[in-house]
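Only one chain comes next, encoded as structure tokens, the form predicted alone.
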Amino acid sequence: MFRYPPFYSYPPSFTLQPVKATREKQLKLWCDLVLSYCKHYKIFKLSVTECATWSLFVNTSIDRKLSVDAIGKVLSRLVSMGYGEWLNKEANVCLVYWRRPNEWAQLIYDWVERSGRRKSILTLYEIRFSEDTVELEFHEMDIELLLKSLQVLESQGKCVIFEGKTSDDLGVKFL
């Protein structure tokens, strides 16, 4: 079960504060909460409007919720801190980096080496949904984040990505 930090039970936390210094601290607290929550539940992507109804931003015990506008500001802060990326120009869907692509790349490559998969070709589907990855953090990873992570490995000369008919059909040869 996920444990919320103390500020989550404080009603003013759900209204962006007008004093800049206070708002900066508040946004940092919310960013930390979003990263912890997403890591705990293995969430890789947040839609500003969809997640507005989640317990992440709605505390029913104190009858408070963060507004959609405030959620957008929290996610914008995550993006500016390097812990997220907007996936569209409307800035309403965010890829959340509770691990950055280079960190995912290292975890994936460590798994490749441990499991003897160097010199082998795998589909992205196999990496995401294989029985061999069930216990690993990247199991069921968002396809866009997986691709970004594999592109890091490709830039390091550790893999080659091959095109497929669909994104899950993309192949990768680990070197």
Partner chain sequence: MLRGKAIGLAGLRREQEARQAIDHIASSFRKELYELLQRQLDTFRENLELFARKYRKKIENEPEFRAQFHRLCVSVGVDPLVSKKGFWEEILGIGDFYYELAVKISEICIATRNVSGGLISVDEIKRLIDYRNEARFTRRSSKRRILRLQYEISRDDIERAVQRIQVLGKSYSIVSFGGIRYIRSVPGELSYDHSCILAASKENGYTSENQLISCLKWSKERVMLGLEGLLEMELAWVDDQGTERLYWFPSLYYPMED
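Numbering follows the first chain given and starts at 1. Remember, predicted model here, so these are calculated numbers, not experimental data.
Note that the form predicted together with its partner chain isn't included here; everything after this is about it.
Shown here without its partner, the chain carries Arg3, Gln17 and Arg64, all of which come within 4.5 Å of its partner chain in the predicted bound form through at least one heavy atom. For the candidate set Ala52, Leu29, Leu35, Ile143, a heavy atom within 4.5 Å of its partner chain in the predicted bound form is found for exactly one residue, namely Leu29. Mapping the unseen interface onto this chain, Phe162 falls outside it, with no heavy atom inside 4.5 Å of its partner chain in the predicted bound form. Under a 4.5 angstroms non-hydrogen atom cutoff, its partner chain in the predicted bound form lacks Phe174 among its neighbouring residues.
Among residues of the shown chain, Pro12 is one whose heavy atoms approach its partner chain to within 4.5 Å in the predicted bound form.
In the predicted bound form, no heavy atom of Ser155 sits within 4.5 Å of its partner chain. The stretch among 109-117, 64-72, 124-132, 145-153 whose residues place heavy atoms within 4.5 Å of its partner chain in the predicted bound form is 64-72.
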